[in-house]
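First comes one chain, alone, set out as structure tokens in the form predicted alone.
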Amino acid sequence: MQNAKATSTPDPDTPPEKKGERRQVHEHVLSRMRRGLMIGAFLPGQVLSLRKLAAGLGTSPMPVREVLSRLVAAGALEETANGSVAPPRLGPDKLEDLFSVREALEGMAAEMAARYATPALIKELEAINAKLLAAIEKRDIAGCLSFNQEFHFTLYRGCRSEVILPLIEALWLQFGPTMYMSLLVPSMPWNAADHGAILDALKKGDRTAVKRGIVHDIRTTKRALLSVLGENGMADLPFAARSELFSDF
């Protein structure tokens, strides 16, 4: 995608209702792209096609270009030497750094959420985890990544903090595209065992155990990724075409 940083010049004569429509389209595209990055709908280094994204999102290229520019500025995407835009490749050092911060922030959020956990929240998490387990059983990669992200963020939203959640989202935007690799490590298969331990701890009101479960989950994923991640941020694994895995993110 060329010229990702180019943005449109606001027209002072545009009617307020048109401005509102444009803002809604922009927010829709931004929300979809953020979710796509967090659930690993794009691979590290995968050049993002402005035309294909616009078609998939049902909009014109302009709001997509503006959103990509915003995501580049936030560090969720990077601009290549030829002007294309792609999710960054994470080397081992950057991955270690990101996951260390994840442990601190997500562990805190999980412990806080456990303090306020309601039967309704636990029931919702159980339903999401059941879908995740079914996806693991079917080797549904898109479902695994999507339901895993949904489980974590449903729990974290329970912490009732307006400060922590945006920080966690910023981390997931950066490492989300790399998560796909963790599903393909034969020696460390996904089984969502930590999610089961987290649910048990929530039912007992054991906040420390909830935090411990999240931290262990994060560390297990980190070990899996580091076991296959090369210095250039890619792995020698059988990647599938993202367009086939994620028809709708």
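Note that the rigid core is defined as the largest set of C-alphas that superpose within 1.5 Å between two forms. All values derive from a computational prediction rather than experimental measurement. So that there is no doubt, residue numbering starts at 1 and follows the sequence shown.
Keep in mind the form predicted together with another copy of the chain is missing from the figure; the text below concerns it.
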{"property": "Contact residue in the predicted bound form, chosen from Ala142, Ile122, Leu105, Ala86 - any heavy atom within 4.5 Å of another copy of the chain", "result": "Leu105"}
{"property": "Candidate from Ser49, Thr220, Gln46, Ser69 lying within 4.5 Å of another copy of the chain in the predicted bound form - any heavy atom", "result": "Ser69"}
{"property": "Any non-hydrogen atom of Thr154 within 4.5 angstroms of another copy of the chain in the predicted bound form", "result": "no"}
{"property": "Interface membership of Glu79, another copy of the chain in the predicted bound form, 4.5 Å heavy atom rule", "result": "yes"}
{"property": "Contact test in the predicted bound form: Glu137 vs another copy of the chain, heavy atoms, 4.5 Å", "result": "no"}
{"property": "4.5 Å heavy atom contact, Arg65 to another copy of the chain in the predicted bound form", "result": "yes"}
{"property": "Contact stretch among 142-150, 129-137, 157-165, 175-183 - heavy atom within 4.5 Å of another copy of the chain in the predicted bound form", "result": "157-165"}
{"property": "Candidate spot Thr118, Leu199 and Val215, all three touching another copy of the chain in the predicted bound form (heavy atom, 4.5 Å)", "result": "no"}
{"property": "Sequence-ordered list of residues in 78-99 near another copy of the chain in the predicted bound form, where near means a heavy atom within 4.5 Å", "result": "Glu79, Lys94, Asp97, Leu98"}
{"property": "Rigid core superposition, His195 Cα moves 2 angstroms or more between this form and the one not shown", "result": "no"}
{"property": "Core-aligned C-alpha movement of Ala134 between this form and the one not shown, 2 Å or more", "result": "no"}
{"property": "Threshold 2 Å Cα movement between this form and the one not shown at Glu66, rigid core reference", "result": "yes"}
